[in-house]
Each structure stands twice: as C-alpha cells, then as structure tokens.
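First, one chain by itself: the form predicted on its own, in structure tokens.
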C-alpha cells in the first residue's frame, strides 16, 4: 500500500490530467473534507458518478470494518466527516485485480456525489480552474491550506 502514498502526477494517465481540481466540503456541515478532489466515475459501475482523491483526506476518518461490494472484489471501508460524523464516502483498502487492470486515476479515496459540495480550485492566476496536470503532490506552497492544517495539528 505504500506505493499509493508515493503516487505522483507523472504516473497519472493523460486522460485525467485535464480534469479540474476541486475542494470538497461536507454537504451536511460544510466542513472541508479534501482539497485534491476529482470528478470521477465508479469503475465497477460506470453509471455512478462520484469524487475521488489520491491522498488521505484531511476531514474524514475511517469507520467500521472493511467489506466487499457486489460489483467487484475490492475491499472498502466507509469514511465519515470529522465535523458531523456522517458517512460521506469510502476508502479502497485493497483494490481487486479487475479494477487495477482497468484505466483508473490511481485514487483510492471516494466521495459520494450526494454527500459533498464541490468547488473548482483556481490556478495561481485566479483566472482558470486548476488542472491535475498543474498539481504537484509534494510541491505545495508555504501558504497552502494543507500546510496550515499540518501546523495546527502538531
């Protein structure tokens, strides 16, 4: 699983690089869940739209035990908002071979469409949406929200 945490933008399939980066807030309490969201579709059922991210989100916690869906053999665990406790998505703790062999974005944290509010982040000019091709995993500005949270949580 550590290979997931070493994910970087260079390994992202080209079809995902033009997608907008979104901040995701909890629909129930408006708490920030994630600042690296991407609109996506579920691999096991392409009729299902959701949001995903490639890094452990700041505003959720894993809850309960792993389970398997009826559509594939991925092991997943629900995630709940730290602000209000509502389940807002899930984390793929062990992806199945079928999903890993399909074209995927390398994201293992999923958010249900009806549980989040998404807002596109803007690029440094403030004129256009920030795209995944422009987002670097380890290159965060000193004034970023993630860095502020890291300092507060120490």
Partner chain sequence: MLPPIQLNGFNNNTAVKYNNVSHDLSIIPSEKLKYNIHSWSSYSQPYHPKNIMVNKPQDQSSRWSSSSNNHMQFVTIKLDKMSIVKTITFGKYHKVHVCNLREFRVYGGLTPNNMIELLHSGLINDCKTETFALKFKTNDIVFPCLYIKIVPLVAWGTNFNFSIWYVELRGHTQQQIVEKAYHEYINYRENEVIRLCLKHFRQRCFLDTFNSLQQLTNIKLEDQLLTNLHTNLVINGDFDTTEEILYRASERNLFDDYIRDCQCKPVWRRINATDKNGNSPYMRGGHQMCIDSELGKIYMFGGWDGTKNLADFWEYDENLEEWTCLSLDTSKDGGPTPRSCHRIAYDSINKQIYVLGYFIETPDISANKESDFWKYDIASRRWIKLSSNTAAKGGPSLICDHQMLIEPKSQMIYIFGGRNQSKNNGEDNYSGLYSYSIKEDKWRLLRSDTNQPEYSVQLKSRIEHAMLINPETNELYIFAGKRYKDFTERKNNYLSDFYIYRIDDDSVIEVSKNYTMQGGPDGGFTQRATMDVELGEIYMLSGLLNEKNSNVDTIKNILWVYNIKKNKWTKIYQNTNYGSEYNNRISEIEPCTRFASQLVYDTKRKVHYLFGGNPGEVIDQSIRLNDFWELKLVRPNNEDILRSAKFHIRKQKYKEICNTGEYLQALKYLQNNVSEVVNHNDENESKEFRELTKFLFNIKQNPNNNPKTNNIQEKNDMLNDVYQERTELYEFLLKYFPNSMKEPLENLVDLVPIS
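Numbering follows the first chain given and starts at 1. Being a predicted model, the structure only gives us computed values, none of them experimental.
The form predicted in complex with the partner chain exists for this protein as well; it is not shown, and the discussion that follows is about that form.
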Residue among 94, 101, 113, 86 with a heavy atom within 4.5 Å of the partner chain in the predicted complex: 86
Whether residue 80 contacts the partner chain in the predicted complex should be assessed with a 4.5 Å heavy atom distance threshold; does it? yes
Given that the partner chain is not shown alongside this chain, does residue 29 nevertheless sit within 4.5 Å of it in the predicted complex, heavy atom to heavy atom? yes
Partner contact for residue 63 in the predicted complex: the partner chain, 4.5 angstroms, heavy atom: yes
